[in-house]
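Single chain ahead, written as structure tokens, the form predicted on its own.
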């Protein structure tokens, strides 16, 4: 039985679909079971991953740790899971976990990647930590409101480079980590197949949506205000723009780990943009 935290989120849903297709038994923990729409055969149970004592752990053999769902409770969750016979922990982490904490803006949204990875490694269980790069979905969070409102996308640092990771690839590698031994005791960095600048990313979205979109450079302060206007907290916006300035300090980072794990190339950003065109057009 595989326990999945963050079961109804961006990664949890496609991961569970993969696991079910592979014939695995899945227990999805969620704070709102009645609202969960998951494949038939999935055992949906109530519980709060940040309060591990609320989760049914009988029969669990592996645990998928979503850092936003679990937070700092990961060590306790794994301790209890091990008592019930669990043998493996797979953590969703990030490639910037070794940077200073102020260079990890997702922490301000509750993503305790460093703590979750550390909990998996120190749990005494078999472990894998998947260090994801820039999510393709981040473009929707950063620019979605602007694109729905018009054809000009304003941002700082047009020379920054990201290799956007498709959530379907992350879900597929996570399934591999849970179902096979090929990634044990590893921290693979997962990215998309190509490094793209913001203007190039906007061009891909323009192609997918059929819109005449263009990127316009503004100052970091203006870019921060733009993000704040969409509801992003000020600290998160400032930290992200600072991180964007050096693109994690690795401007041309493209990792081969997705292809190594799956035996096929990582999905390109254009594929992701095509799947999400309606999110940009409203």
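Positions refer to the first chain, counted from 1. Everything numeric here is computed off the predicted structure, so don't read it as measured data.
Below, we turn to the form predicted together with a small molecule, even though it does not appear here.
- Just one of 123, 191, 93, 146 comes within 4.5 Å of the small molecule in the predicted bound form, counting any heavy atom, and that one is 93.
- Among the residues 226, 62, 30, 255, the one placing a heavy atom within 4.5 Å of the small molecule in the predicted bound form is 30.
- No residue of the trio 118, 175 and 185 has any heavy atom within 4.5 Å of the small molecule in the predicted bound form.
- Judged by heavy atoms within 4.5 Å of the small molecule in the predicted bound form, the contact stretch among the candidates 108-116, 151-159, 205-213, 175-183 is 108-116.
- Taking non-hydrogen atoms only, residue 10 approaches the small molecule to within 4.5 angstroms in the predicted bound form.
- Interface membership of residue 129, defined by any non-hydrogen atom within 4.5 Å of the small molecule in the predicted bound form, is ruled out.
- Put simply, residue 133 is close to the small molecule in the predicted bound form: some heavy atom of it is within 4.5 Å.
- By the criterion of a heavy atom within 4.5 Å, residue 138 is counted among the residues contacting the small molecule in the predicted bound form.
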